[in-house]
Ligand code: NDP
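Just the one chain here, the form predicted on its own, laid out as C-alpha cells.
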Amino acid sequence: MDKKKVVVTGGTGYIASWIVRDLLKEGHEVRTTVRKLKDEEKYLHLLNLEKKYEGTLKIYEADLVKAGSFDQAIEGADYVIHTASPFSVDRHLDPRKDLLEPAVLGTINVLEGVNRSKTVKRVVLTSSLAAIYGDNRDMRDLGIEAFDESMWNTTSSLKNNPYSYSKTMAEKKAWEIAGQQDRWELVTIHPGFVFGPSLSKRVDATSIDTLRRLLSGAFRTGVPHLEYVFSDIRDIATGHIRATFTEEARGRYIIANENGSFLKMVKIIKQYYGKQYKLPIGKVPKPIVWAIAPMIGLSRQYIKNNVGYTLKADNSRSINELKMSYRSLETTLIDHIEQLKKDELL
C-alpha cells in the first residue's frame, strides 16, 4: 500500500488509539490531534507506538468547539478519520452543552477544515449504532429482525437518550456538509457497545469503566436484561481503515457483531475465571429496575423502552464490501480482562 498522510482526530481516545496504531503499523504518516500538547502523559502511548512501527506520527493541538483549530493538521492530508466526540451517559451533564454542541460543532469544524485543505479525498466519521436506532423497542415497533444502515434514530432527543441524539445530529450534519461539495467523499462507521484491550492505562472511557465495575462487584446484586450489539475495539479500527482505503466503500457501515446482555458477558467471564470476580448473581426484574431507575442514574422512560427487548444489527454490508471478519465476544472480553490485569487496573 502506498504511504498516505492520514489525520486521526482525538488520537488519545479508546478507538482512535487503535486506529493510530494500525496506521503506523502499515507505515503511513499519521497526524493526530489532542486537546493539550502539554499533557504528554495522555498521549505517551502513541509516541511509544511510533517507536515500534514503520510509520511516522505528528501531534497537533485542537479543540472541537474552536473554529479552524484542525486546519493545521488537515492541511495537505490525503484522508481524515474523525473520531473525536464526547461520550457519556452521565445524567448530571448538560445535554446540549456537554454532548450535542461539541459533537456537532466538532464535526463542522473538522469538515470545514477539510473543505479548506484542497487535498483530502475521503473523510471517515466515527458515528454509532446510536445514530441508527434510539431505543431497543424500536426494532419491535418497526417489525424488523435487525437494524441496518438504511435506518436512522428518530426517537432520541435532548431529554431522551441525549448521547444518541448527539451522534445522530453530528452524522446528519456531516452528510449535509458532504452533500454540498463533490471533491471528497464521506463514509461513516457505526460501532455498538465497545469492549477490547486498551492501548493506554486510562480508565475514563465509558466502556472500560463499565467492565471494571462489572468485575468489581458494583452490580453484584443483579443486572437488568438490557441487550446490546457488541464491537471489538480492534475490529472497529480495522473497519475505519478499510473504509478509508477501500476505493469502493460508500455510505454507512455497521461494525459490530454479537448481540447479548450483561448476563451473557457474565456467563463467558465465569467460564474462564470462575469466582475470581464479584459478578452479578442474576437478573433484576424489570418492575424493580423501573422503580429504582432514578437512584441508579437511569430514567424510567429508558427502562421502559429498553429493558427486556431483543437488539440485533445486520453487519453483512461490512462483511461483503469491507471484507470484515469479526472476533467473538468471548475473545473480546478475555483479551480485555487480561489487559486490565496486566496493567494492574483490576
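Note that the structure is predicted; figures quoted are calculated from it, not measured. One rule holds for the numbers: they count along the sequence shown, beginning at 1.
Beyond the structure shown, there is the form predicted together with this ligand, which is absent from this document and is the topic of what follows.
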Residues Thr12, Ser85 and Phe193 all lining this ligand in the model of the complex, heavy atom within 4.5 Å:
yes
Tell me, which of Thr188, Asn136, Asn259, Ser207 has a heavy atom within 4.5 angstroms of this ligand in the model of the complex?
Ser207
Considering non-hydrogen atoms and a 4.5 Å limit, which listed residue (Lys304, Lys278, Lys42, Lys58) is close to this ligand in the model of the complex?
Lys42
Hey, of 73 to 81, 245 to 253, 146 to 154, 199 to 207, which bit sits against this ligand in the model of the complex at 4.5 Å between non-hydrogen atoms?
199 to 207
State yes or no: in the model of the complex, is some non-hydrogen atom of Lys312 no more than 4.5 angstroms from a non-hydrogen atom of this ligand?
no
Using heavy atoms and a 4.5 Å limit, would one call Asn161 a contact residue for this ligand in the model of the complex?
no
Quick one: is Glu321 in contact with this ligand in the model of the complex, heavy atoms, 4.5 Å cut-off?
no
Give a yes or no for Val289: in the model of the complex, does one of its heavy atoms lie within 4.5 Å of a heavy atom belonging to this ligand?
no
